[in-house]
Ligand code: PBG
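The chain below stands alone and is given in structure tokens; this is the form predicted on its own.
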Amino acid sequence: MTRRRYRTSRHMRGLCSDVRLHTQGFIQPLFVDQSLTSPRPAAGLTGVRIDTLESVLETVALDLAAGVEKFLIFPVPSKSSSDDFDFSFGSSIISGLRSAFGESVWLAADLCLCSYTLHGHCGILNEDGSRLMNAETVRVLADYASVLAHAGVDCIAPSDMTDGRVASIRRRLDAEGYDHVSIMSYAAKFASQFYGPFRDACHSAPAGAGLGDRRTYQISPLHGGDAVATALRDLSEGADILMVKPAALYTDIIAAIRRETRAPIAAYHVSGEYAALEGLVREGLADRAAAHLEVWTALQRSGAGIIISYAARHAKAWIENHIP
């Protein structure tokens, strides 16, 4: 049987494609830093800037005009602590965007303590800094989720990887009348080398004595079964969307989770993956739009219906003008 008739024109390719990219499935990450007086470029992330509380309004307005409606917010507070955290800056970002843009935007907020802690880890450590304390961390995260829900967030996105945090957050939100607020769990988040530009933007690299990295709570790249089991556990605890992070190197994990559930899966094309691709573009070794489209196609083909990308603001134009 011939196959080339499926490829003879853009019309036939469009009709017969398994994957149909659409801007409704894209989420644009946004960094907002309390310590800045003016926006600054994000190191290693072409076309991405770190905003102030004021400038993020301009960024979102431009993104809306480009066809992006969904955002994942990363607050970067100016003060860090060991156990006494002030979440008012995060809530002010959400309330400011909600006041300015109303229901024209969908706002998810990353829920983690790595930008709040002095040591840069994603939760509260024990006295000598050798162990992340699970129960104590979960309690603080539930408090943070409540603050963000009260500010008007649409979705809580816990990225800390502690056990039981989805169930705790879901109970807290429901008890306070926020049963309409969804949870997009970082369900399969790996201890990866591809987070460097993000950690620079959020001042969230682990530092100091004690735990030197996040391997005691993030998933080993060698343990795919752990990732699938963790995702299914989060789903049973009340997660509405399951995220895989990183994405482009973990399409097998996306596919494995898809085989187990029809729940929505989000793929986070992380900062290092994005920066590597942009490096090829800068060297003239790849076409920018075509390269991003190829990655997004692979993510959707593997089973992800939602794509979180630093280039999401270009998705509409690229899909319309560059799909071959």
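Everything numeric here is computed off the predicted structure, so don't read it as measured data. Start at 1 with the first residue shown and count on from there.
Below, we refer to the form predicted in complex with the named molecule, which is not included among the displayed structures.
Picking from 46-54, 60-68, 267-275, 281-289 the stretch near the named molecule in the predicted bound form, with a 4.5 Å limit on heavy atoms, gives 267-275. Out of the listed residues R139, R199, R233, H150, R199 is the one that sits within 4.5 Å of the named molecule in the predicted bound form by at least one heavy atom. Taking a 4.5 Å heavy atom cutoff to the named molecule in the predicted bound form, the contact residue among S182, S168, T117, S159 is S159. In the predicted bound form, the named molecule lies within 4.5 Å of some heavy atom of C112.
Taking the partner from elsewhere, S146 is found to have every heavy atom lying beyond 4.5 Å of the named molecule in the predicted bound form. In the predicted bound form, the named molecule sits within 4.5 Å of a heavy atom belonging to Y186. For the chain shown alone, A247 is not a contact residue for the named molecule in the predicted bound form, no non-hydrogen atom being within 4.5 angstroms.
Shown without its partner, the chain has Y310 as the single residue in segment 295-316 with a non-hydrogen atom within 4.5 angstroms of the named molecule in the predicted bound form.
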